[in-house]
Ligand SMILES: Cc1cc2nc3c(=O)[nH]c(=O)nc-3n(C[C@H](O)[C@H](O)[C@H](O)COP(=O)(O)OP(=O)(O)OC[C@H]3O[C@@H](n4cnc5c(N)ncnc54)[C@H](O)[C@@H]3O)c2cc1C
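Listed next as structure tokens is one chain, alone, in the form predicted on its own.
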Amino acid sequence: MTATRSALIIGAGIAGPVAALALRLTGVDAAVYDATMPGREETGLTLTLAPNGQEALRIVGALDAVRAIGLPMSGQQVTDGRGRRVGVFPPVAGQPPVLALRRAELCQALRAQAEAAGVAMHYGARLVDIEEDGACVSAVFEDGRTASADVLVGADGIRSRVRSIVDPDAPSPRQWPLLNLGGIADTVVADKPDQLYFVFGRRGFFGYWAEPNGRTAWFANVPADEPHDRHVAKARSTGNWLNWLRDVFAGETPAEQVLAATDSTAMAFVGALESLPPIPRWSRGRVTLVGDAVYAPSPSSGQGASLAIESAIELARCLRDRPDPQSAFKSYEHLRRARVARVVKRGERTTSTKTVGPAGIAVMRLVMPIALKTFLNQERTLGPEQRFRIPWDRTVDETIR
């Protein structure tokens, strides 16, 4: 039986609220602290939630709320910039459809679920330091507030302040030479409303899907000589970025049509695509990390949100079944490290294909029929990922054995 009775969670994105919900199921009083204020904290654009992430949400009672805002996608279609088909990817057999979501709406739904369950949410609380005295751990915030608990969980994203305290020598996020932009267009170009569409253009990669009320959600990944972070992006208006994108995808279908129907107020520049390989040290004393704070697969993996949800729940299960935080954190890392490392590696391979160029696209069209039966077979590549389930009703000892 665990001795953990209280937890501080730093970060109210995806992993934080889910960790709080899961911990409450185990009898742990969890409170969430986030550096920003509601409505100003969202980064990222759109994302997909895989079947494994959906089933993990079922454990904490949040699946129905998320399904209510998600769009089910039962397959993927890949074309080149002239509209010629490159390949069609069916869903993994026997699994529910992937959900397409706006990141901001997913975060809001998870926070609402946590608050409804009695989780205290504190905003405008920017962490500056962590102190431990052996019996508890305390968080020190920029505005002078402090809070103490039995454990502290860093769920504060890819630029985690908690990670820098746990492991000052941890590697920095990898920035890919791919700029990441996206938005909402007032047009419909998708042939089917339940499909994800991906376009390998001459100068960039374009993805889109149909949204209700005659709109299209889209994102673009465009190779660049060097990465751009969000601070660099802010020096250029969204209108300038949109005009630049229109030039990049000029003459390419349907990107040209989608961008023509996008207003600059309905798009955003996120910066370079980033990923964070699993770091050497996940925990220290009464402090541990979860989600993008400890690993962050490229968005191209389609598993970032799902892995964060899984890990948050697995951490709660380990704290439930272990007698002290240190042994719980050790079991948590043991159960998660190999799985997340595999997904990070696959995401990096997928991201690298977005820079193949016209010659690579031509080769891709030729080899795709063979690839779909071998190394790109959905059952082989995504089946094990999407069929994974957190065994909540079993003990950690049973799982490890």
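Just so it is clear, the model here is predicted, and its values are computed rather than measured. Position 1 is the first residue in the sequence shown; the rest follow in order.
A second form of this protein, the form predicted together with the ligand, is not displayed here; the remarks below concern that form.
message: My question is simply whether residue 127 lines the interface with the ligand in the model of the complex - judged by any non-hydrogen atom within 4.5 Å.
response: Within the cut-off, so yes.
- request: Tell me, yes or no, whether residue 156 is in contact with the ligand in the model of the complex, where a contact means a heavy atom of each within 4.5 Å.
  value: Although the ligand is absent here, residue 156 would touch it in the model of the complex, with heavy atoms inside 4.5 Å.
- request: Answer for residue 311 alone: is it within 4.5 Å of the ligand in the model of the complex, judged on heavy atom distances?
  value: No, residue 311 stays farther than 4.5 Å from the ligand in the model of the complex.
field: Close approach of residue 270 to the ligand in the model of the complex, 4.5 Å, heavy atom
entry: Output for residue 270 is yes: heavy atoms within 4.5 Å of the ligand.
Among 247-255, 295-303, 314-322, 75-83, the region lying within 4.5 Å of the ligand in the model of the complex by heavy atom distance: Looking at the partner contacts, the answer comes out as 295-303.
query: Which of these residues, 216, 283, 180, 275, gets a heavy atom within 4.5 Å of the ligand in the model of the complex?
result: Checked against the cut-off, the match is 180.
task: Could you check which residue among 161, 174, 330, 202 gets a heavy atom within 4.5 Å of the ligand in the model of the complex?
output: So the residue touching the ligand in the model of the complex, by this definition, is 161.
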